[in-house]
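Shown next as structure tokens: one chain only, the form predicted alone.
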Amino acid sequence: MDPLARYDPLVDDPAAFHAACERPLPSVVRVNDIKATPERVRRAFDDAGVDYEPVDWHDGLFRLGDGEKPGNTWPFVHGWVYGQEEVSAVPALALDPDPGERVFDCCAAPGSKTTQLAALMDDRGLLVGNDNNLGRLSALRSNAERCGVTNLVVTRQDARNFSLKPLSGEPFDRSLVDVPCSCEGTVRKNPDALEGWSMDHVEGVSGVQKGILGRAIEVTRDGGTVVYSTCTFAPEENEAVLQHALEEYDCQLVDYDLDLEHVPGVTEWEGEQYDDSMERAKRIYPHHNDTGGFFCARLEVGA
């Protein structure tokens, strides 16, 4: 069984969708605004003969040519750039934190979105990067140090039971919930991503996702913002998780701008009905922008 065939009824062009999923994913780097500017990185790449081109929707993202490795460049060593899948830059942009705020990244490691959040905050305020995997936390610390991030507090807790006590008990202004998932949308980067796929896993991880999103809503102040994202296509891990949050917590889905081509979240899937506001969530398919697959939604707490 091809798990991706489940989604043929959802995509506009199933043949193009499957063809895109079989192509290798272009390497992309994000400019780390704490240490460099897009212009400075361009000059460094030009001087080093690195093959690259800017993406058309974000000034700070560059696609590298075939065979170029982000980690082999001097801008990477200096912390000027971070190798980051193009669509994975979307959640931090949707969260849109301001300098000086209290921001929670509940599944932070290895740190691509965390370091992006720090840059968007101008490295000011409090950024809490949490994960429960000790090995991945080491990578988070290393990446944050390389990128010059100083406003980060690293914690190791189960995000489903995250405690505010060590952080003065004050709720966050914004929370990023980029949860563990079945990773269907990463198949271009990792062709083995679907080898262990099963509906039991999808349904099991969906329960974990509901717990993490629920706790993130609870530790975010009234009027604050929560962004929920996955790199998978399964509505069980996307719209169904959001539906649970709408029914159990004081929150609502709100719209946000995104210049990448995308389609709305679904309101019906295999006999399940979801709230009409699910159309404010965004699905990004690989054949639309030559990227990985992604899902991202923005919620307002205490609405």
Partner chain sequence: MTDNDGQRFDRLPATADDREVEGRATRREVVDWWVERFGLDRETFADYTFWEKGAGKIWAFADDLDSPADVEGLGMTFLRTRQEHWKPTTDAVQRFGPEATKNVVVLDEADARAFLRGEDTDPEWDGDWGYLIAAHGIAGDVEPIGVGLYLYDELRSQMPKGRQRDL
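Please read these numbers as outputs of a predicted model, since none were measured by experiment. Residue numbers count along the first chain shown, from 1.
Keep in mind that the form predicted in complex with the partner chain is missing from the display, and what follows is about it.
- A residue is said to contact a partner when one of its heavy atoms sits within 4.5 Å of a partner heavy atom; Asp47 meets this definition for the partner chain in the predicted complex.
- Shown alone here, Ile34 lies within 4.5 Å of the partner chain in the predicted complex, counting heavy atoms only.
- Taking non-hydrogen atoms only, Glu145 approaches the partner chain to within 4.5 angstroms in the predicted complex.
- Proximity of Trp80 to the partner chain in the predicted complex falls within the 4.5 Å heavy atom cutoff.
- By the 4.5 Å heavy atom rule, the three marked residues Asn72, Val154 and Leu167 all count as contacting the partner chain in the predicted complex.
- The partner is absent here; in the predicted complex, the one residue of Asn161, Ser198, Thr150, Asn190 having a heavy atom within 4.5 Å of the partner chain is Thr150.
- Checked against the partner chain in the predicted complex, the residues Asp178, Asp123, Asp173, Glu184 give one hit for a heavy atom within 4.5 Å, which is Asp123.
- Of the candidate stretches 37-45, 249-257, 236-244, 52-60, only 37-45 contains residues with a heavy atom within 4.5 Å of the partner chain in the predicted complex.
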